[in-house]
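Before any questions on binding or motion, here is one chain by itself as structure tokens, the form predicted alone.
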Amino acid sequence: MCRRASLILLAFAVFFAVLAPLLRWYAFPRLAKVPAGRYQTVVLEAKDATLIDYSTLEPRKVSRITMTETLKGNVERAREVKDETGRDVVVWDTLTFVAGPDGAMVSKIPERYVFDAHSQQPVHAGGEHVDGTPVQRDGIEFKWPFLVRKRDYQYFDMQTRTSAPIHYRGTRRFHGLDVYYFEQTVPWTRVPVPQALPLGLTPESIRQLGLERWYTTKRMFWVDPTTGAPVNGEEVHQEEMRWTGHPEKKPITAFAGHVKMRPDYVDSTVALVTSQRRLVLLMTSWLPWGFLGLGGALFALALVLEARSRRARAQTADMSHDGGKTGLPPPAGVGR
């Protein structure tokens, strides 16, 4: 009976020992994916900022500039790209809407971003654009890959339409989470004028005024290393309108401010990431190590039962070899 039980336990031990790496290295890459139909809105603010008044072409101090980033998963296009490439992809249609203190539009820039659902690497399947201009991204944007490493990553900047390293600057504590802090500085660069501007202005009318747009920023992200999702983001953002061919003329500050996520959106993002990171940890750490430990325990128990079974068989064999004698002296009078 013990031998049969030990064999069953050994079979389960092998099963769980094999299941542990399969869950981590086979199931996780196939199950941990960004949902294709995700919808999310994040609001950022720059208080006591500087903003251009396009009616006078003069900078003015304002109490607040609001930047609303809306992200919507394009499920139909993602399905089409999967049929074309055979890869699970996510297609995000995003809109960055900048508004002044009165809520009036300052600019709005749409984007389309196509990337691998698990690795977050860009997939060049056509349709990628920033403000209607076709692009081919190199590196990540919006989200880091699952299980972030302590290293630099290539990060795509929508203003310059180029990628550059975003640097890992250490581990920090943020709202109860241990997060990785990343930082990137984009030097002053000439960038395109947004297609949508107030007062019916267009990039062409800005060019006819003899102006061109320049931009620099210091970008900061606090990233959950398990899910790769930023739980907070900030930018020290500056834009100027410079006079074409007249470096002696003073540039016009178009936008200057420290852009931060609004506190209520930070709280909701942290809550969402906290729930998602449990699922990732379940597949990458908790269950694999748990199954490995359970397999080891079952293997040890199988060995114990096998040892007991062998001792019992040995005792039975000894009794059979002695012919059933007890070793006691014969009763008195026997043989007389």
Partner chain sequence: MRALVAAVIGVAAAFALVLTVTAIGPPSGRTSPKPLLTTVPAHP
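Positions refer to the first chain, counted from 1. Under this definition, the rigid core comprises the largest set of C-alpha atoms superposing within 1.5 Å between the forms. Nothing here was measured: the structure is a model prediction, and the numbers come from that model.
The protein also exists as the form predicted in complex with its partner chain; that form is not presented, and the subsequent description refers to it.
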Inset, instruction - Would you check, heavy atoms only and a 4.5 Å threshold, whether Gly73 touches its partner chain in the model of the complex? - result: yes
Inset, instruction - Using the partner position in the model of the complex, report whether Leu303 sits within 4.5 Å of its partner chain, counting heavy atoms only. - result: no
Legend entry - Glu212 within 4.5 Å of its partner chain in the model of the complex, heavy atoms: no
Inset, instruction - Evaluate Tyr265 for contact with its partner chain in the model of the complex, applying a 4.5 angstroms cut-off between non-hydrogen atoms, and reply yes or no. - result: yes
Inset, instruction - Using heavy atoms and a 4.5 Å cut-off, decide whether Leu272, Val280 and Leu294 all contact its partner chain in the model of the complex. - result: no
Inset, instruction - Could you work out which of Ser309, Thr68, Thr284, Thr50 is the residue within 4.5 angstroms of its partner chain in the model of the complex, going by heavy atoms? - result: Thr68
Inset, instruction - Could you check which residue among Arg173, Arg79, Arg207, His167 gets a heavy atom within 4.5 Å of its partner chain in the model of the complex? - result: Arg79
Legend entry - Partner contacts in the model of the complex for 11-37 (non-hydrogen atom within 4.5 angstroms of its partner chain): Ala11, Val14, Phe15, Val18, Leu19, Leu22, Tyr26, Ala27, Arg30, Leu31, Lys33, Ala36, Gly37
Inset, instruction - For Leu22, state whether the C-alpha moves by 2 Å or more between the shown form and the other one after rigid core superposition. - result: no
